[in-house]
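Take a look at this single chain in structure tokens; it is the form predicted alone.
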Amino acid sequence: MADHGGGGGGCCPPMDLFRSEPMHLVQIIIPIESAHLTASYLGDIGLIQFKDLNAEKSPFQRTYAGQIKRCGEMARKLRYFKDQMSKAGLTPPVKTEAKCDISLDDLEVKLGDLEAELIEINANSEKLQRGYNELVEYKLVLQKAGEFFKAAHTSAVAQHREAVSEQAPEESLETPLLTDQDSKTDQGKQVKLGFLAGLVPKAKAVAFERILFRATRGNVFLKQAALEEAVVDPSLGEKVEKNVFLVFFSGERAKSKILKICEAFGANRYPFAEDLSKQEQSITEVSGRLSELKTTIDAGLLHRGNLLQTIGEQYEQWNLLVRREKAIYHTLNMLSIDVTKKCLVAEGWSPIYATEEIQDALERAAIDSNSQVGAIFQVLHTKELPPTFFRTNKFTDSFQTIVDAYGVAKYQEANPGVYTVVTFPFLFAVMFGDWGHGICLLLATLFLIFKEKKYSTQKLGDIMEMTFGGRYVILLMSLFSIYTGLIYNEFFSVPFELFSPSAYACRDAACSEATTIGLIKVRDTYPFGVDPAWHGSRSELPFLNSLKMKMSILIGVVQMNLGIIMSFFNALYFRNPVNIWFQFIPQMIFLNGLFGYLSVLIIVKWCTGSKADLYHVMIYMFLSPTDELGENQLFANQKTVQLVLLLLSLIAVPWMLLPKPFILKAQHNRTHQGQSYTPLEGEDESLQVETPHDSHDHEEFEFSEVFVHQLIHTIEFVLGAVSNTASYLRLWALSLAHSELSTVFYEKVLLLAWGYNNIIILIVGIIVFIFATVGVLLVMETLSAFLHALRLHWVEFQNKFYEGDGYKFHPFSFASLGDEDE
């Protein structure tokens, strides 16, 4: 049933798409104590569109600005929780229909406590993690730098032993000029070297070394060793490849320079003892602290995970509650407050059928809120144009969306969506006629419909979401494509004798080739669609071109006539006889006097088998209407009929153009004659609503504007009758293109690969054929035919009657709340 259909007591009439639901402007006076609950109940039924009675006020000047601010702050906290859950790798909570029992005030306190706790946990965790990363780096520095010192110590011991073993060294080039004994004489002048250890990013290591050398003029000794694995940088929190460095220097001045360079390059420095035993002791201490920190961090993460899990279980309910409350207060801000500040006044549009349901919701709200006074519901009289509301279901909604994309119907205007349900997939199928391709589309659509419940709750990509939204349109498109494919007798461009054998056979054994030469009719005419004998014959293309071209014109003339007839029903419904006599009748005469007559000639030619040239008939109907038709005559008195039709078509043009502006001017003068005094209103005068639209009734009638508008409208129709009829030839062109592409893929790919008698070539050919069929024929051709069918409906069909200048009915409804806050 309909989305908004349903309401107790059978108050809803059957769903009618032809005209929008009758609407009325209502006024509701709500006591202040029951305002919140009333808005909540009205949001549940979603059948009233409130008008903003405080349009002149800024958002901050409105009554419930503070409550909206509170809701916005709670929504921010919920977004923060969602962000933390996604970072922790928790799956998004499944949407639940269970209502939240907690009040908004309690939820505000709870969310504040949870946010404070989570922020504290995150801060502590970040601090501990930073300390842990620093200790990891410290341990690596101790290990790598310790290796430097061990290697140096081993080398020094080895040199000392060598010096002791050589008691009397011989003089050589390698003998030092100053012996140990000489150096000991000046021990007071020895310099104590200092050193710094740490880690520097590997990418900056070369520049770091160069700057150190230049800044100290080469008076440093630098040792570096690359780490095998990247380490987490304590300040960045990201993995970075680093080198351990050990730099020796002399003097405080050099030290201060090195410290500044380390800071500039983001090098982390760590304390380091020269004594080997102290180094081992430091490594042991650091390892112990690391294990303790790891345990503490794991416990913190477990606690954080449990907290987020608890939040996740009720996140959707809290989020729904906050969004509902925010929507309620947004709606209450649109209401005007009484001077006594004891009641709120609401105005809005609602369908007439929903009156009983709205009144029932108002009564329930008054009872549940223990209000001493109930809400007052009354209907207002206005000249303002109501919004347009069609009650659709999941099947008709996608077709209505196609129409609304062109323009929302004016209130109570005839809705082209009723006919679009059938004509749109049919016109698509005329261009896409192949029952093999239609079956492929059908299977894909049935899969989407089968997975409907699953996909409707998921976020899909843009293209997938559009495809899923139009699944029922594609379903009908595929079914109609199978039907037209059977008429064209094409299954991936291959004909089949489905309904009976071909009506044609060879005269003798010599005509085994697929050609019309030598074929004679031996059976009854093929019962449904095109005889398979036509496919592959020499005359296939001329025959199918003639058939599809004439069929396109017939379809176009029928649909354009339907559009003009719809304008008649619009004029009849809105009691506008001027449009009937001076728009509908001359348009019908002009269109059918020319192209309706052409359609009749096509049908007569098919029925009689005449060889008359219809191009010649139509051209000389204008150029030489009095000439004899000769062999192009299809029926008796054809010349007289043509003269009458041509004369009527010529008369129809000034008939459309001239009378209507003068009649409208006369009507305007008669309507506003003697309006110096206005009639007294009845007792409902207080309910009369002033609207901006009323002022237009008293404006000066601009005859020149009306005449120019009618002139443009007449020229557009006359030229459009020709161009729109020609536009329907796209049905023939795209059908031909689809058929020929399908034939090329079948003959030049599949059959060619089959002819090589090689299994590898055959497999490659089948793969290429599948990809070409899916990519070109099932995707690109489907999209192309869809767009062309869309154009035929929007331009050729709807411009005959559809104004599309209305505005859509957007009721206050919790069902339409978006997933994201505004």
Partner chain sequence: MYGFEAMTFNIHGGYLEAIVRGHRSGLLTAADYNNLCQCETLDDIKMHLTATEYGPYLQNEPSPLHTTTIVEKCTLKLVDEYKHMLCQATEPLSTFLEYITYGHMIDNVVLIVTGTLHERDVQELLEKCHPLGMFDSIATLAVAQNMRELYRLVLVDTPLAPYFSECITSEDLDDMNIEIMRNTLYKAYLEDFYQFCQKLGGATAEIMSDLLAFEADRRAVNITINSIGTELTRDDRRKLYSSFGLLYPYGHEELAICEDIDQVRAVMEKYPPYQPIFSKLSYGESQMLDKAFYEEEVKRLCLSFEQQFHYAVFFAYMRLKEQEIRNLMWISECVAQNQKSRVHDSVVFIF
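Being a predicted model, the structure only gives us computed values, none of them experimental. Whichever C-alpha set is largest while still superposing within 1.5 Å between the two forms counts as the rigid core. Residue numbers count along the first chain shown, from 1.
Unshown form predicted together with the partner chain; subsequent notes refer to it.
- Segments offered: 132-140, 210-218, 563-571, 651-659. Contacting the partner chain in the model of the complex at heavy atom distances within 4.5 Å is 210-218.
- In the model of the complex, at least one heavy atom of Ala264 sits within 4.5 Å of a heavy atom of the partner chain.
- Shown alone here, Arg76 lies within 4.5 Å of the partner chain in the model of the complex, counting heavy atoms only.
- Within 4.5 Å of some heavy atom of the partner chain in the model of the complex lies at least one heavy atom of Phe60.
- The partner chain in the model of the complex comes within 4.5 Å of a heavy atom belonging to Lys257.
- When two forms of a protein are overlaid on their rigid core, residues whose CA moves 2 Å or more are considered shifted, and Ser235 is one of them between the shown form and the other one.
- After superposition on the rigid core, the Cα of Lys342 moves by less than 2 Å between the shown form and the other one.
- Taking 2 Å as the criterion, Ser742 does not count as shifted between the shown form and the other one: its C-alpha moves by less than this amount when the rigid core is aligned.
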